[in-house]
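Okay, so here's just one chain, in structure tokens, the form predicted on its own.
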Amino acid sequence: MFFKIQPVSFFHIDTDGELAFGCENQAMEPEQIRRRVKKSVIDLHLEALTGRNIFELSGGEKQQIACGSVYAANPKVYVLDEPSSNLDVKAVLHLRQILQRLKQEGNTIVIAEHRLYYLVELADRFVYMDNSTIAQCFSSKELLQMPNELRQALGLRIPDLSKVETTVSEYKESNNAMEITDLICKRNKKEILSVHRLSIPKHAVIAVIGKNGAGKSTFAECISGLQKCSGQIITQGHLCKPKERVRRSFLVMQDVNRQLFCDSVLEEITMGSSNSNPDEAKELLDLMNLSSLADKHPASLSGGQKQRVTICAAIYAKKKWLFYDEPTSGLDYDGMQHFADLLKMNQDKTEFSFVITHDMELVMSGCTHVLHLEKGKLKEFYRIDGSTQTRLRQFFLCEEREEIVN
């Protein structure tokens, strides 16, 4: 018996029901199901996610529930499709510990993944696929010793986060594009986001970072007018109301399947846009390595290809405010780098871009500022330069060392 972890497919609206679903599908006795679910919650540290509404969870929290549901079912073969997508650094390292335990218990684990750093010295083999065939196989040692030029040519992500190189994006200080005051969002009368004062620099590319459930997606939805909130958002000296914010914004969601409506990739990029330049659409397709897929139906694409299509649509729409929610969750090195290049190319054409991400490589490659949220509150906001790179590295790397120690 095997299970595939595919977190976009949920069958219950509550987390407890979802955790029990796999066991119920096997017609287990109720008491056995309760024991399995309890073990899954304890072993995977899911206590804070029990008794919750699935639709109120962040993408990373949903990912953890999906893993917990499969773990409770106790299969002998696990097939995981991009299990680290949407997970924060600490959750990824905890995922590694779970995989280590499953491996020690004699289970077979097959993982389709672009982020390799947490699998080094855990995976027995790294199988490299090219055009639907197995092209090469690597050991962890071979992967770590692979020259950067060869690794990048193969489209592989870096296997050691401590060696990510920083490219400080050019940024000229300018007037602020937005002033935020007393931004508060509540859910079921509980405050889930509170930002008292924040100035957004014009033409900034801002990485929004923080743990799963910190309020990153809620923040983007409030600014873009998609989420009800209180407070003031001032642009050009005037109060900007929700309808106006929606008109100015384009949000690339975590689940891009909710944004695909047309019968071809090219139609998808140009749909509903006031931009009527077909050559520009083709240039975007070429830049994101999608030209050969222009006439394909979006539903037939891989997750990473769908992600790139929606990114192209955001750029083509020429909105002034762009929001990307985990835009590189399904992208290989090439896709990530092309997206970082797109951010830089369009920096002066937008008032600002927000990039919600746990991707250290992307932040280091394409962002100018960092906005750090913690438990729904603004912890810090700073420009990425020589004096702040260490602080940024600590966010991505110190949690890793702490998790290993614990």
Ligand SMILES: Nc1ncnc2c1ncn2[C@@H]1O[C@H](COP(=O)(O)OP(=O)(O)OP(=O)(O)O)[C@@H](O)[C@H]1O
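This one's a predicted model, so the numbers in the text were calculated from it and none came from an experiment. Start at 1 and count along the sequence shown; that's the residue number.
The same protein has a further form, the form predicted together with the ligand, not shown here; the description that follows concerns it.
Visitor: Which of these stretches, 212 to 220, 71 to 79, 122 to 130, 237 to 245, has heavy atoms within 4.5 Å of the ligand in the model of the complex?
Guide: It is the stretch 212 to 220.
Visitor: Though only this chain appears here, would residue 254 touch the ligand in the model of the complex if you measure heavy atom gaps against 4.5 Å?
Guide: Residue 254: contacts the ligand in the model of the complex.
Visitor: Are any of the heavy atoms in residue 59 no more than 4.5 Å from a heavy atom of the ligand in the model of the complex?
Guide: Yes, contact at 4.5 Å.
Visitor: Taking 4.5 angstroms as the cut-off for heavy atoms, does residue 188 touch the ligand in the model of the complex?
Guide: Output for residue 188 is yes: heavy atoms within 4.5 Å of the ligand.
Visitor: With the cut-off set at 4.5 Å between non-hydrogen atoms, does residue 317 touch the ligand in the model of the complex?
Guide: No, residue 317 stays farther than 4.5 Å from the ligand in the model of the complex.
Visitor: If you check 294, 301, 143, 192 against the ligand in the model of the complex, which one has a heavy atom within 4.5 Å?
Guide: The option sitting close enough to the partner is 192.
Visitor: Since exactly one of 344, 338, 52, 372 fits, which has a heavy atom within 4.5 Å of the ligand in the model of the complex?
Guide: When the ligand is considered in the model of the complex, the option within 4.5 Å is 52.
Visitor: Need the contact residues for 336 to 367: heavy atom within 4.5 Å of the ligand in the model of the complex, sequence order, or none if there are none.
Guide: Sequence-ordered list has one entry, 358.
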